[in-house]
Structures are given as structure tokens and as C-alpha cells.
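Just the one chain here, laid out as C-alpha cells, in the form predicted on its own.
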Amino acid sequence: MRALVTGATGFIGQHLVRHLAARGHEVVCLYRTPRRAEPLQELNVRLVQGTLEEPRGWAHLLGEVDVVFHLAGVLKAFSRRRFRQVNVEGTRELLQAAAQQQQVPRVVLVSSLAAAGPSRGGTPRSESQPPRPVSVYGRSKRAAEQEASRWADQVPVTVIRPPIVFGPGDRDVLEMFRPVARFGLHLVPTWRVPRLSLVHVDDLVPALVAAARLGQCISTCPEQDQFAGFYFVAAEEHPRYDQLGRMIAQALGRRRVLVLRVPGAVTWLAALGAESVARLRRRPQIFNLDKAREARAGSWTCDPSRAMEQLGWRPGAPLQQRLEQTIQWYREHGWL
């Protein structure tokens, strides 16, 4: 295929680009910062500098590709405006530019479980449940999905909603591993222990490619399935947060880990402190007030059955094995 990848220098983007390039696909990488594009220079791909907010420099590329993997987005920011500017308005600019091409490319939009919201009643979320995001980030990703629905009569769009994504090169989930590695301590940010869905990046990337080939597109017909074209992609296991700490400890080779439940007030205070420090440094961090809202909202689990049935996708390894592979990479690169 001929593919354009937005957010190509990000954690998921780099894995996707390497996957496509290794299989002989023609890949155009849209990137914002030259320094972050350096790891991609060794690959047989085309690098184009640009931002979603300024499509004039790259919009013509949409007419040269078969599929767009839209990964560019903001996971952490200090303001609602920034989330909206990139996640919502950037998606609108991309879809509008795609609709203007003589040959309109297919778009695979990488959203998030946060756009759907937490699971209720102990049952993993399915695509047929109405979205109820609880965070600023989640609402911005849901608004991006709604933009995709508005353009669905002009641009074929498939939406993938991953939960927590981890794997080699990820620095955000690394912060979950470090207390277990250093102190044998795993903090649970609530008295009621939630369940979580996760997906390893090496399992997510094949799902994105399968979605481009086999996935349904968002429907514009009221008589059809209004949730067609949406897919959750996750490991089949949904461990409790305390169980995840023990799985991480096992992957690290630790015999014991102290699981400590933290009262809600402490979680909020810690998030406020972390965000205050981040603002002073002018560098958003993954642990902030918005993430505290998600942590306090209950379980975050999703059912990947639809992706398995319609995309022919399966996780490549059990969750425990994926945790071990990730920790091995962290150790080899001096991150743990």
C-alpha cells in the first residue's frame, strides 16, 4: 500500500512506520520536529515536515496515497484549547483536505478508549455502548471521532480505540514500572481497585494495518449499524490494577511487591503537585489532574471481539509475556 502516517515520530507512529517499511510499503511520514524524525532517516521512507494546523504544505500528498494512518494528537496538555487545536481541529483539517482529493484515501483514525469512557458494571466496554468520556483528553478524542462521522459521506474512515498502549520506546507506562523496579512498590490510586485493558504496540500495529484492509467504515446510513467502523483493540486479559502490579513484579523477577491503595484525596493532591511542577517547567507530564479524573472513574476495560471477528486480528502473545518483553527492552537500553 501507499500510506501517509501522521504523528510518525511518536511512540506508536515509529513502530507503525518500521512495520510498513519492513514489508515493502511506500510510506510518507508527516513530522513536526526534525530531531524526533532522526530515527526514521535510516528507513526507506519519505519524510515531510509539517503540522496538522497548516495543511497547505502537505495536503497534496493525500492524493498520492491509498490510506492515511492518523496518529498525530496530544495526550497531555495544560489547556482544553491545546487538546482541541490538535486532536479536533487537526483531524478536521486532515479530513477536509482528504475530501478534496480526486482519489480520496481511506483514513484509519487512532482514537482512544478514553473517548468511549470507563466500563460499567464489571463488563468490558463494547463498541455498541454510547460514549461517555470523563476527561478533557477523552472528550477531545471523542470530538475527533465526531468529526470523522461528519465527513464519513465523503471520506471512508475507520476508528481504532486502543486502551493503554505499552512497549519498547514508551516513556509514559514506564512510570508505572519504575516504583515496582526501584522500591517493590505498586500504588493503586483508589480504594476500589479497577480493572484495566492494555495492548502492546506490536499487537496494535497489525490491527491498524488490518483495519486499513478489512475494517468497516463509519456508516452514514441511519438504517445501518451506527457503531460500524469502530473497533477496540486490546489484550484479552483485563487484570485488576493490583494484579497488574504483581504481573510487573513477576516480569521484573521480583518475588514480592507491596500493593498500596491510596485514598482519593491523596491522589488529587499528588496530581495537583505534579501538574504544578510541570507548569513551572513548561513540560506537560502524563500524571496530572486530567489523568487523576480517569484514574478515579473506575475500570477501563474493552472487549476486542469485534476486531478479532472482522479484522482477523489476534494478540501475538499473552499479556505477561508482553510485559516481560517490554521490561527486557527497558533494561537493555538503560531505562530501568
Ligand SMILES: NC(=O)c1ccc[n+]([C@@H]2O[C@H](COP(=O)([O-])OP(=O)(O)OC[C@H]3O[C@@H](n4cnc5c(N)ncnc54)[C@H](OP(=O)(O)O)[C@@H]3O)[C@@H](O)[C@H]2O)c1
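Worth saying up front: this structure is predicted, and the values here are computed from it rather than measured. All residue numbers refer to positions in the sequence shown, first residue = 1.
Same protein, other form: the form predicted in complex with the named molecule, not shown, and the subject of what follows.
Student: Using the partner position in the predicted complex, report whether S119 sits within 4.5 Å of the named molecule, counting heavy atoms only.
Tutor: Result no; S119 lies far from the named molecule in the predicted complex.
Student: Going by a heavy atom distance of 4.5 Å, is V86 a contact of the named molecule in the predicted complex?
Tutor: Close contact exists here: in the predicted complex, V86 approaches the named molecule to within 4.5 Å, heavy atoms only.
Student: Is there any non-hydrogen atom of E309 lying within 4.5 Å of the named molecule in the predicted complex?
Tutor: Residue-level check for E309: no, no contact with the named molecule.
Student: Would you check, heavy atoms only and a 4.5 Å threshold, whether S305 touches the named molecule in the predicted complex?
Tutor: Output for S305 is no: heavy atoms all beyond 4.5 Å of the named molecule.
Student: Quick one: which of 237 to 245, 184 to 192, 142 to 150, 111 to 119 gets within 4.5 Å of the named molecule in the predicted complex, going by heavy atoms?
Tutor: Only one stretch passes the 4.5 Å heavy-atom test: 111 to 119.
Student: So, a 4.5 angstroms cut-off on heavy atom distances: do all three of M1, V205 and A210 pass it with respect to the named molecule in the predicted complex?
Tutor: Negative, none of the three is within 4.5 Å.
Student: Quick check on this chain: which one of L196, V155, L71, V257 has a heavy atom within 4.5 Å of the named molecule in the predicted complex?
Tutor: Contact with the named molecule in the predicted complex is made by L71 alone.
Student: In the predicted complex, which of the listed residues (M176, A99, L75, V262) lies with a heavy atom within 4.5 Å of the named molecule?
Tutor: Contact check passes for L75.
Student: Going through 3 to 40 from first to last, which residues have a non-hydrogen atom within 4.5 Å of the named molecule in the predicted complex?
Tutor: G7, A8, T9, G10, F11, I12, G13, R32, T33, R36 sit within 4.5 Å of the partner.
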